[in-house]
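Consider the single chain below, provided in structure tokens and representing the form predicted on its own.
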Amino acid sequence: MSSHPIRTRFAPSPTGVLHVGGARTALFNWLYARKQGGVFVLRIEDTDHSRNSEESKQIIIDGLHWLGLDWDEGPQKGGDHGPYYQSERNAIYEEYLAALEKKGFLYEEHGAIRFRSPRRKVLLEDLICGNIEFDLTNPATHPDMTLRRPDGSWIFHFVNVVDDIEMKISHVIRGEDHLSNTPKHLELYAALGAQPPRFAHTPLILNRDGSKMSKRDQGANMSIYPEQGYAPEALRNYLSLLGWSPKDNREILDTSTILELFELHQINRRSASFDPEKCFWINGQHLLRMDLARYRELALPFLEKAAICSESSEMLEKVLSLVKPKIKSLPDLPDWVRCFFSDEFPFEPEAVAKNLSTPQARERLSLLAQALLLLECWSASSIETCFKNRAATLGIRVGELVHPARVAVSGRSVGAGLYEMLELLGRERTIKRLLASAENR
């Protein structure tokens, strides 16, 4: 590690939901700090009392916890550079304001404290955007900025810079919408005699139609992802690809691989397009590839919410292993597995009408149940053989037994492999359900 340790920060304002753009900013800061063996700081910029709320603070903290972005310093962790809520740092801001006043940079106007711009050109050496020169010599295009409002509240530009100095932030990685603020910040660093951090402004996240992604747009609110059954590792994967990509164009990446490959200078200047369908697909790929223990961990809240419980841990794992390759979304899981754990499950009316409504279909189920009752070995392969033999005897396609049987035992027209399902259900429950449908439907 260098003599100047890497310190990044995520500094959200608690004024509403955690936006997907904010989550990506946090992710890039976290990745860079972790990659460089540095420190990731969480700071809550809550000086705007009229818009801040305790609920929003909790939403941010919960969202970062869920996403797996652990911070080294900040709320709930502490650290040597706190407090980590700006609302608790007033004495520090007073000290820095006095320093600027002593140097002759401040004046009062209509009760507000303003910063007297030195009127120079400022060069920003951005790690993503390259070198950009800002001409701050014209008061018409660059008026003196307010540091403190007449009511005593602080302006973002001032406290943001003070905190980055105090917290020894080495790299400010933030959205490109802050690019226009940076020359103001560089002026303040110079006036305070402080070395500015390295800046890296990431591209904006746009909707597919090219419009800027707002809090109300599809996929923008981070709180929807746990509810919709997304795996945090899948969302980390997708967010990392919004503006960055590995050189080999792989799309399904675990976090350790992203950490290994991530470089700030590889972040693209072009705006990133948020594609909800691509995000959903990447989540499905992660669900498909993850080990059963992790899958079960993510699945349990959805099963518990649907009041589905298994007294047998072994049975639950067998069921999850069976349905896992088929399911694209965890909220769908209860409908796929309810029939394994309860005899009380709904029947899809369309499936019943199509597969169980005729006397012929019901008679076939009765004959199938009789054949299954005589099986010596209750296994998927022997069940499959029984189905094929019974279909041959009846002179019908095996599908004409498979589809009615599936509806009879699960209430649904789609599901996991039927023969494997029946093996797990067991002989007694299978035959009971086949005969119930043969008699009642």
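Owing to the predicted nature of the structure, the values given are computational and were not obtained by experimental measurement. Start at 1 and count along the sequence shown; that's the residue number.
The same protein also exists as the form predicted in complex with the RNA; that form is not shown, yet it is the one meant from here on.
- In the predicted bound form, the RNA sits within 4.5 Å of a heavy atom of V414.
- In the predicted bound form, at least one heavy atom of R114 sits within 4.5 Å of a heavy atom of the RNA.
- In the predicted bound form, the RNA sits within 4.5 Å of a heavy atom belonging to G210.
- For S170, no non-hydrogen atom is located within 4.5 Å of the RNA in the predicted bound form, even though that partner is not displayed.
- With the partner removed from view, the residue among K328, K103, K121, R294 that has a non-hydrogen atom within 4.5 Å of the RNA in the predicted bound form turns out to be K328.
- For the options Y93, F345, F134, F302, the residue carrying a heavy atom within 4.5 angstroms of the RNA in the predicted bound form is F134.
- Shown alone, this chain has one stretch from 187 to 195, 241 to 249, 162 to 170, 214 to 222 that lies within 4.5 Å of the RNA in the predicted bound form by heavy atoms: 241 to 249.
- For the three marked residues, I155, R270 and E277, a heavy atom of each sits within 4.5 Å of the RNA in the predicted bound form.
- Along 170 to 193, a non-hydrogen atom within 4.5 Å of the RNA in the predicted bound form is carried by E176, D177, H178, L179, S180, N181, K184, in order along the sequence.
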